[in-house]
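Only one chain is given next, in structure tokens, and it is the form predicted alone.
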């Protein structure tokens, strides 16, 4: 006669309880990388969205051990992850590097947790769901632990949110996208590098040597995010191209990306040239975007109304504006897309995944 291990039994019990109780049961939550920009935003969003929080465990590196963070009135010490540290947790948000996720995300999943990983470690694994809830949330498992769900690249998330209604209503032939990405995508150290360089520039001093970016970022644009491949693309561009097709479940349309780091503090901007399978009128394009969940339409450019990174920093959703037809190709539409890369591009998308899995209603 077979017997279940303790961890497997705990996982099965939590699954049954989740199915029976739905959103009534508080969830035990872990956050790996809790002291980083995204990790701290996870905590803020858990509070803002009235996430039904039971026990909370925070994990980070040795240098953060002993620090505390507060969420929903709970002051929680930061600890270093251990093999049994994930026992009893329902969901664990990972916001750390690829190496940490590869080592510890499977440990958390074996302990019975739903793992939502913000790194690139599992995004292109054939057996892992790469999810943006507004696009392919219907594929998420309901109330079941022991799985790893991959959170996409921040620039990919806002792109596919804008593409979804166009693919659904008209079909896509090709997408060309250029990104203008804020320094917050590089973390606290990247923001600090920009601040130090701007201070030096304003004082008329020589800019300090860059440590995070390959060139000074103050008063500059850098056409490189990540490392360069032999084919001339950098790793960020490869992520966008591959992830877009996987999330949208369609490898038939062409995708090309070019990524640029700019001295914006937070929130990424993109311009996308989207070729549709058929010629449509502007009213149809605008109607499709208006009805898409999670999209905000700001499209009165003659009045100066269009989204900007400054306006959408620390805001939810994906904003789209400056929508117009290409003059030389009536099937191609040009879109300006803006979103907070730390919120919808990372922490918010992860929490929305958890809300879908456990059938929660946001309190925000």
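On a predicted model such as this, the values are computed, not experimentally measured, just so you know. Positions refer to the first chain, counted from 1.
Only in words, not in the display: the form predicted together with a small molecule, which the text now covers.
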Decide whether residue 338 counts as a contact residue for the small molecule in the predicted complex under a heavy atom distance cut-off of 4.5 Å.
no
So in the predicted complex, does residue 187 come within 4.5 Å of the small molecule, heavy atom to heavy atom?
yes
With a 4.5 Å heavy atom cut-off, would you call residue 63 a contact of the small molecule in the predicted complex?
yes
May I ask you to check whether residue 350 falls inside a 4.5 Å heavy atom distance of the small molecule in the predicted complex?
no
Interface segment, criterion being heavy atoms within 4.5 Å of the small molecule in the predicted complex, picked from 241-249, 135-143, 96-104, 200-208
96-104
Looking at 37, 45, 58, 323, which is the one with a non-hydrogen atom within 4.5 Å of the small molecule in the predicted complex?
37
